[in-house]
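Here we start with a single chain on its own, the form predicted alone, put down as structure tokens.
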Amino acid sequence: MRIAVPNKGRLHDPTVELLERAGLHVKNGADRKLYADTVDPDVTILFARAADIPEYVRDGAAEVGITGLDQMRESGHELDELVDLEFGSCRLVLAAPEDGDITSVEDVAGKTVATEFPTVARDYFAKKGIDADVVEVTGATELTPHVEMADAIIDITSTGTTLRVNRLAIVDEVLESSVRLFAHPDVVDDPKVEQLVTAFRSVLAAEDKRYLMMNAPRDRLDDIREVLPGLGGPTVMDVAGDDAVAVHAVVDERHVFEVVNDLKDVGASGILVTEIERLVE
């Protein structure tokens, strides 16, 4: 199985880190390569531009690809989305000069809109019933209204800072995007693809979770169960030669601070809190 992943940019490092956490360690590093082997002899990594990855998957050069939803929509290809990988979040927005006369989508009718995402833009305006002239640019989109190349833009934003610096106001949200795992429709049910999906989902399930281990008096188990907001209840094991029991549980990270103190109050001791790399549910 070949997995196409971003070769550079803001999506490269998080993608490689995800692969590592999922157990697909990239051999000999991931820098300045076109492809790399992994510890699984049946899985190879292909490095490509994020915008080209949908094409790789559509044409069969890779069975699956990791890239943003924005890039997949812009490609116009029909691929199966398998997992939202929950990083690389951004929005495609329609924006116009703060002091201009465009304050709604309807105001764009008959105007020029510059963007690096012409396919997404045209689909958006078609759904809105707006006739706008979409002009493709390859960079510095936010400058085009100030040099009279366009009346408005459709561009990516994460925090809105770049738009504000360039005195542009958001008029409407076009698309909410994040990085996803996409597959060619012909391989969705392939066992290796299903293994990859399970691995990625186990990493996501472990996010913001912590594993608690402790010793506790057997006669305080009911109190401890009341304290633990665990995943399906705690696991209880006998401790050899002792009337105590060992209790293990998975809890949300946000609960750990209070839970540890509450556990001590009901008799737990030797409390150990660890991170979880993967959680297969």
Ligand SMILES: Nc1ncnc2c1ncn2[C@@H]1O[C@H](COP(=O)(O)OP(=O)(O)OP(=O)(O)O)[C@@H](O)[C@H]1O
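A residue's number is simply how far along the shown sequence it sits, counting from 1. These numbers were taken from a predicted model, which means no experiment stands behind them.
Omitted from view is the form predicted in complex with the named molecule, to which the following refers.
Checked against the named molecule in the predicted bound form, the candidates 90, 152, 203, 79 yield a single residue with a heavy atom inside 4.5 Å, and that residue is 90.
Screening 104-112, 184-192, 205-213, 82-90 for residues having heavy atoms within 4.5 Å of the named molecule in the predicted bound form returns a single hit, 82-90. Not displayed here, the named molecule is approached by residue 9 to within 4.5 Å at the level of heavy atoms in the predicted bound form. Although the partner is absent from this view, residue 68 contacts the named molecule in the predicted bound form, with a non-hydrogen atom inside 4.5 angstroms. Using a 4.5 Å cutoff between non-hydrogen atoms, residue 62 does not count as a contact of the named molecule in the predicted bound form. Taking the partner from elsewhere, residue 50 is found to have a heavy atom lying within 4.5 Å of the named molecule in the predicted bound form. Contacts to the named molecule in the predicted bound form (heavy atom within 4.5 Å) from stretch 139-178: 156, 158, 177.
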